[in-house]
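First comes one chain, alone, set out as structure tokens in the form predicted on its own.
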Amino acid sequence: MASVTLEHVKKIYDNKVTAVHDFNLEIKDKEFVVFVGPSGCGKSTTLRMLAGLEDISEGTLKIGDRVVNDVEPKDRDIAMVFQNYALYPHITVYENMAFSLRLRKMDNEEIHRRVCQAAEILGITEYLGRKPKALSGGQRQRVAIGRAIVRDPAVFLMDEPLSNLDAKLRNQMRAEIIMLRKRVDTTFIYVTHDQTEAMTLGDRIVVMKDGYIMQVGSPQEVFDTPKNLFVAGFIGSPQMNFLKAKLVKEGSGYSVELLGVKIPLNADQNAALANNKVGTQEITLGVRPEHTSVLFDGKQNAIECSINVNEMMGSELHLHLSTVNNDSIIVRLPTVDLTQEQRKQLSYGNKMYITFPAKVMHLFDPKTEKNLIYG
């Protein structure tokens, strides 16, 4: 078991392109950390530097107390699970899982014990005699994970291991990785572009963009208190709504004005804005779809919208709306309590009104894109 420390790590390629900028992170022993972000954000490059598959241009990488910048991958006490499984097609599942142990010249009895133990944990004992081509995608991914488990590494590295699976199997494997983590108590570093995987798997999430860390925190922290527009828009599905608005300071209190509606902020928000020395200014207002309410009766202090699209998702509706100044808004509306008359009102072109309380609003500076309260 081991901690992982990255201090001012950079990756600069020969063409002078910087893929990772000044990456600083302390990963605790037995912690599950997820690197998440869009394609090209540097998350896989960072993982490959951890694995020793990419050279580190600048900075220091430690596994435990040992600096491993120049240590060969095989000597770093890590195991990596790849997106494409990387199994040997001509040998059995058993031999795939045993391969790295044979290279270490481990005795056959210990190899057999480790392979059978890993196969039992992953539920693939009955497949040990088969070759990879006879397995489904999910079964192959279990074999790839089993091949890593048998090595008993200090650190597990996983590079988008579920991205080749269909949606149903991906959900199943996600649950299995959560259970696996409880049985294999070691340090996990997991890379994904899927924010749902990040939210459900990680003790902490590292949100990345263009080679920079945008925010580090628990899934709940990142969801509740995004530090900037990028994190706010990336974490959450459907993504957060963004509206042009104005923050107005009146004496010691603040309120938000948009589309003829004035929403006074609460005591905690007032205190944070005052502490950050924020004055009256234009803002980008962020509100999540699930925190937005629909008004069927009355329109006092509510925002007028028109319905563009009504998506039926089963337990909820996703309403795509336009405001009078053509801002787009998505509302997640539970269906369980909707009457037939209300359902009829939720049709294309109809007018409706929405509202949201101050406590769910996020206020961003349009220029710096920082959260004026939490940034």
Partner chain sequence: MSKKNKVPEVDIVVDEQAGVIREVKPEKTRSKKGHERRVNTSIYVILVIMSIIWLAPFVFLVFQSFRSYALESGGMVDYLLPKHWSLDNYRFLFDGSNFFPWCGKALITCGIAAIGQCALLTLAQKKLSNMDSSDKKGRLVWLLCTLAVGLVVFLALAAAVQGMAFAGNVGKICIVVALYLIVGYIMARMFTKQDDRLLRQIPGYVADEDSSPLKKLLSLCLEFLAMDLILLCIVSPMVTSQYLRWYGNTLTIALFVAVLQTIIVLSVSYTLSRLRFKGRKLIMNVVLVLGLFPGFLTMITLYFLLKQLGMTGAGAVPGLILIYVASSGMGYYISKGFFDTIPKSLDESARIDGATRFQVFLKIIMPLAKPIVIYTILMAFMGPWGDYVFASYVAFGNVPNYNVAVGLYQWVNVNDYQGYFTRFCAGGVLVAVPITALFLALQKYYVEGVTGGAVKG
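If you're wondering where the values come from, they're calculated on a predicted model, not measured in any experiment. Positions refer to the first chain, counted from 1.
The form predicted in complex with its partner chain exists for this protein as well; it is not shown, and the discussion that follows is about that form.
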### Query
Every residue in H90, M106 and P132 with a non-hydrogen atom within 4.5 Å of its partner chain in the predicted complex?
yes
#### Entry: One stretch from 312-320, 27-35, 344-352, 49-57 that, in the predicted complex, holds residues within 4.5 Å of its partner chain by heavy atom
49-57
### Task
Have a look at E250, D297, E72, D185 for me and say which one sits with a heavy atom within 4.5 Å of its partner chain in the predicted complex.
E72
### Task
Answer with one of N164, Q239, T200, N171: the residue that has a non-hydrogen atom within 4.5 Å of its partner chain in the predicted complex.
N164
### Partner proximity in the predicted complex: S293 to its partner chain, non-hydrogen atom cutoff 4.5 Å
no
### Message
Test of understanding: in the predicted complex, would T284 fall inside 4.5 Å of its partner chain by heavy atoms?
### Response
no
### Query
Does at least one non-hydrogen atom of R181 fall within 4.5 angstroms of its partner chain in the predicted complex?
no
### Message
Is A232 near its partner chain? Define near as a heavy atom within 4.5 Å, in the predicted complex.
### Response
no
### Query
Taking heavy atoms and a 4.5 Å limit, what residues of 146-185 are near its partner chain in the predicted complex?
R147, R151, N164
